[in-house]
Structures are given as structure tokens and as C-alpha cells.
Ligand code: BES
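A lone chain, given as C-alpha cells: the form predicted alone.
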């Protein structure tokens, strides 16, 4: 599908469909107030024709309303945005997404007339939000279908005779949105790959392949021998039952201009390409979709990738801990005690609480690179899904300023994040009688912050740290119209990009 954004429907008639927005207004007819559709910025001849259509009399600009009509050989779609004062960015994003869904399978090209669907923030912001909706909504994963679903969305372009400066700003907004949404979709692709294709070794290779050639990026991979050298006993214990080598992918992005004040942000991602639970074996029903257990790594990689493509003025390191959690004669048994990279001993009471073991060693490795902040992302606990549902990311950490910055960033891009506390009682509960720590608490309560209390032990002293549990929001669950009905959502990539943009 080919998409153009413009400011004049006459310039759009080469497209199969012209899309015009309409806000709902209230008009007085005698003593009554009646809802009516505002046709602001519609071309006069199209407006006059539409106003004379009896079949269009019921269209009043209500949010989500759609009306197709033909005029002088061109197909048009009028869609409602509701009251203008009530239209926030997320409302616009969702409304645009529903319009895209209505046309993507029935039209090969479309032009959206931007000035008829103006969201808050003007033309540039509208172009950015519309581009996000287009790119995110038209995503599909049909790699393994014999009959492909549809042609991919072609690059969105601004096509108008608008003044050169204004056109350039609008196109820049479109380009930036595309770099971010492209990275969201790359993350989605990784998460949706089946585990017989995406194992730790192939995952690492695909990341290196994807990042190759991006300006300012360097990459290296630590394998099993390297992990042994660094004494990553927790990471290696999870990998012990795997047929594939563990991989710690270490990516760095350095902006073109670096000063002593340039912020260094480190991302850490859980990359469990499949989780059987190990000897603490999951029930069959709970094992389905455990290919999603690497969504944390895909999320931070997507954010890292976007930062590099956008050329953001921050240094970013990205550490992805990759393995699967399988069962064989060498797999780690419950009651085992292992030694972490930082020297702490850990009693493994449940091999299905494996993500925190991998993350702990990777957090220590990341800390040794002395970043200003560390943000980790993981599908860490089912308890987070129970507590916060499928829409909300759980947030924990050791630094209020960092947590507040992440909450603000999430709010700016309309993603949901909620802070959970790490209480001293829960830190105490993660202590073992026969080792320094144990990998699960003494009961099933507060599972999410207790896992964070465990991770906290592996963050370097003096480093601001935040933990994102995306166990609920990493899977689409059809809760957003611009996310697929099933599969990876890509949620939180945009939040992390917005956070990096806010760093001065």
C-alpha cells in the first residue's frame, strides 16, 4: 500500500483513495442544538458535493464514523475525529489506526489530507502521529504463511506544494516517526519468530546483521568461553541444559559529538528465546508462547536501534543476554547454589525463575562499563500480568529522578507505566539461609517487586537503575488498535526513545 500525506486533495487524485478528516461540531437549528460535521479545509467543490448528499446527512463527525463517497472519478473517505478540544494524541493515533484498518486490505494507495485532521501540536505532530498509526497498524507477521496476507506498506511521503520550509519540517517529522516505528516493528519481528528458528546463536547473528552499517554503532558478542572467563555463574546455570551457546550481545552507539557532559545510558534485556521452566517444568498450557520470553531484549534493542538511526546526542550501550531454558542431563537442578559474576552466591530454588539469573550477571557486566543509568527490560514475572494487566508496564528502581523521567516519557507517547515499590521486607525475603541470596521469595505474594529486589543486588554502586517488567504489555492481547491482535506489541520502545530524547 502506498501512502501520501498532503494539504490539498487536488494533489491527491492520483491515489486510489483520498482521506479527509472531520471534527464534530454543534449547530443551532431553531431552538435545538444539533451535531454536525465540520468540513474545515476540505476543498470547496468536494465540500459542496458532500453537503448535498442525502446519504451523508447522518455523518456528524463523531469519533470513528466513516463515510465513503465518489466525486469526479475519485474515491473519498470522510472519517470522524469527534470534538476537536477532546482529541488528544492517543485518541488521534487510535482513530487513525482504525481508519487504516478500514482501508488497508481494499486499497492499494491512499492520500491523507493533513490539514483536515489536525491534532494538537499542529501539522508536524499530526504527520508524526499519523505515520505512527500507519506503520504500526499495517505491520503483520506472515513470514511462514504459504499465502502471504498483503503487500507491505511503502514508505510514507509528504506530497504537497506547501512552502519549502514547512514541507521540510513535515517530512522530517514523518522520517523520524518512521525510524522509530521501523525499530518497533523489528522488535516485533524478533519476538514473533518461532523458537526452532530463533535460538540464542541465530538471534545474536540476526541482531549483528540488522545493526550492521548503522552510523556510530559497534558490536561484539561474548560466547560461553567469555562468560566462563567473566565468572557469570548465574547466566551459565540457565544455559546448562541448552543445545546452544549462551550469547551476550554488547552494542554501543556513540554520537558524532561527545563531550564530558554526554549522558551514557545502558540498556539490559532478557533474551530467553524459549523457557520450559527447566527442571521446575511449566505445565503444557503455560509453555505455549514462551518464545515471547525474549521480548525484553527485543524492546531495548529496538530503542537502541532507533536512537542510532535518529542520531540522538547520548551514548547508548545495549546488553542482551541470550539463551533458552531447556532440560537435559546437564541442566541445573533445584537446590543448586551458583556464584554470580559479582561474587554473590545464589540458591536456585526454582529453575523457572531463570530470567533474573541471566539478568543479574548482565547487570553486573553493564555496571562495569560505568554508565550514568541502567534501564533493564524483561518479561520477568507472571505476577506483573496479574497485578497490572495487559496494558501496563511495571516500573521499579533505585532512583526517583530516573523513574519519574521514565513515567514522563511514557506519558508523552501515551504508553502506560506504573511504579511498584521495592520494600526492605522483600529484600530480606530474597536472602537465603545457606547462600547470599535465593532466586524466589518465601511465598507467592509481591512476586514482581521481589524479583526486582533480587536484581538490585547486581547493579553497581552509585548507578541509577530502573527495571521494566513487560510481562503483560509485551504481548498485544488486542488492546490497542495499532497493535496486532496477537503476537508482539512492541510497547515501551517509544517510551525508551522518548526518554533518551529528554536527556540533556
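Every value quoted in this text rests on a predicted model; they were computed, and no experiment measured them. Numbering follows the first chain given and starts at 1.
The same protein also exists as the form predicted in complex with this ligand; that form is not shown, yet it is the one meant from here on.
May I ask you to state whether residue 471 is within 4.5 Å of this ligand in the model of the complex, using heavy atom distances?
It does: once this ligand is placed as it appears in the model of the complex, residue 471 has a heavy atom within 4.5 Å of it.
Since only the chain is shown here, I'm wondering whether residue 440 would be in contact with this ligand in the model of the complex (any heavy atom pair within 4.5 Å).
Yes.
With a cut-off of 4.5 Å between heavy atoms, is residue 381 one of the residues that contacts this ligand in the model of the complex?
Residue-level check for residue 381: yes, a contact with this ligand.
Just checking whether residue 123 would be counted as a contact of this ligand in the model of the complex - the rule being heavy atoms within 4.5 angstroms.
Result no; residue 123 lies far from this ligand in the model of the complex.
Out of the stretches listed (239 to 247, 85 to 93, 350 to 358, 108 to 116), which one is close to this ligand in the model of the complex, meaning heavy atoms within 4.5 Å?
Selected stretch: 350 to 358.
Joint contact, 415, 494 and 498 to this ligand in the model of the complex, by non-hydrogen atom at 4.5 Å
Verified in the model of the complex; spot residues all out of contact, no.
Among 324, 376, 293, 132, which has at least one heavy atom within 4.5 Å of this ligand in the model of the complex?
Going through each option in turn, the one that passes is 293.
Pick from 101, 169, 282, 407: which has a non-hydrogen atom within 4.5 Å of this ligand in the model of the complex?
Of the listed residues, the single hit is 282.
Note that this ligand is not shown here; using its position in the model of the complex, name the residues of 63 to 85 with a heavy atom within 4.5 Å of it, in sequence order.
Stretch hits: zero.
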